[in-house]
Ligand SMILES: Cc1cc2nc3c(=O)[nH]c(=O)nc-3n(C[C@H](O)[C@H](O)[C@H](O)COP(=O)(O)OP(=O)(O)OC[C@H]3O[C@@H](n4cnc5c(N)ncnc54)[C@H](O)[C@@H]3O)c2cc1C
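Single chain ahead, by itself, as structure tokens, in the form predicted on its own.
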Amino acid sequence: MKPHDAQPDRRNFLQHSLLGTAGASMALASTSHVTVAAEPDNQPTHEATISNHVDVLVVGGGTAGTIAAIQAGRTGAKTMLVERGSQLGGTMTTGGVAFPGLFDAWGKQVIAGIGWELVRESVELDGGELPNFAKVPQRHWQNQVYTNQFLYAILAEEKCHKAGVELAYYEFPQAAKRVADGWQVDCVGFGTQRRILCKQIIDCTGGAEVVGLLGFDRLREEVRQPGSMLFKIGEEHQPGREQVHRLYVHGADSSNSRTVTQANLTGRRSVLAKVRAEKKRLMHLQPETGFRESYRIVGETMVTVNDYTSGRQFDDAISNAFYPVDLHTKTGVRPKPLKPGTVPTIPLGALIPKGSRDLIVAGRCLCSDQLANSGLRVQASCMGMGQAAGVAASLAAQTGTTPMEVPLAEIHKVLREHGAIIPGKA
């Protein structure tokens, strides 16, 4: 090779190298740096066994639990929220069902408060659109609020922080018992054993897990509604703008880690089979199956499907609900819309395990029959229940009584002060 022939090759090599380096740099994601704050109460991170004394313990940080904890904190109760997963929001965020049911009925808003505040702020921060509640849609789902699940989870944490709620992720109760001035709840997480002494417990686990742990009666159907594994193949997912693809996982059971594992494995295997069959890219996959149904409490009051579809105004109603009867089966789902003008209500008694004290639930595990529960379980209604449970538990802790004995007028008063809509007064 002659010297003058080698020069152009060297130039080309350098040019290609520089372009390659530049291209590689453009492909790299940007990096930011943050530092984790010290643990609350200056508890050293190497200590595996820790303890907390709180007024209200909320177990389960899903749709209802997040709102219950924020409300309890805002009402002045020292509050701790224990969640076995990695984030708040439950079915909304980890499950990906980011269209939280309906806040309106027949041309007006019927559920508001902290849940609506959180959803509205998520949509506004995301540059999304809110439905016009003054307009009665032809189909119920047309007034669903598409919510960015990622923003929702972060905003929920921010609101918990501002309300003084202490969060404990990756932990779950292993034992609970009555003590002199409330409850002792022992939780376990990896590397952590936590003993919590509290005056009141709000069980928002979806399956009334704490209620079961304490030995109170629960209900469960032999054939339950399927869970949903949400995913998208072929096109990029647009959070806060659309629903993703649904795969119904029949037999899904959220009662324990073994059955949840089987539901997730089954769902993911089926998604993989679809990807292979359709030869398209997998663009989105939720980390966990979204469950519709498991255990419900045996409460002081049972909400029947007749109560629900007739819009019964319970004497101790604490929140509205609105959604069709929506039972999912192996043959599909055929929603049964409510008759015009009907707005069901949720009684406080349906959140109280029968014969219990200092214990209340919120969310899909309220006392109801299966058909009523198929409408009550949607997120907007669970948010309303969560806020009411947060008020009842925090007032009970402050006054040394139990949620069922807190005067209903006091619960309504605090709910109104925090933006909730009281049944019959929307």
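In case it trips you up, residue 1 is the first one in the sequence shown, and so on. Since the model is a prediction, treat every value here as computed from it, not as a measurement.
What follows is about the form predicted in complex with the ligand, which we do not show.
Mind telling me which stretch in 88 to 96, 296 to 304, 277 to 285, 149 to 157 gets its heavy atoms within 4.5 Å of the ligand in the predicted complex?
One stretch meets the cut-off, namely 88 to 96.
Contact flag, Asp253 vs the ligand in the predicted complex, heavy atom cut 4.5 Å:
The answer is no: Asp253 has no heavy atom within 4.5 Å of the ligand.
Report yes if any heavy atom of Gly384 sits within 4.5 Å of a heavy atom of the ligand in the predicted complex; otherwise report no.
Answer no; every heavy atom of Gly384 is more than 4.5 Å from the ligand in the predicted complex.
Within 4.5 Å, heavy atoms only: does Asp104 come near the ligand in the predicted complex?
Outside the cut-off, so no.
Within 4.5 Å, heavy atoms only: does Leu351 come near the ligand in the predicted complex?
Taking the distances in the predicted complex, the answer for Leu351 is no, it never comes within 4.5 Å of the ligand.
Just one of Lys78, Arg194, Arg268, Arg84 has a heavy atom within 4.5 Å of the ligand in the predicted complex. Which one?
That would be Arg84.
Tell me, which of Gly206, Pro347, Gly113, Gly73 has a heavy atom within 4.5 angstroms of the ligand in the predicted complex?
When the ligand is considered in the predicted complex, the option within 4.5 Å is Gly206.
Note that the ligand is not shown here; using its position in the predicted complex, name the residues of 154 to 178 with a heavy atom within 4.5 Å of it, in sequence order.
The stretch touches the partner through Glu171, Phe172, Pro173.
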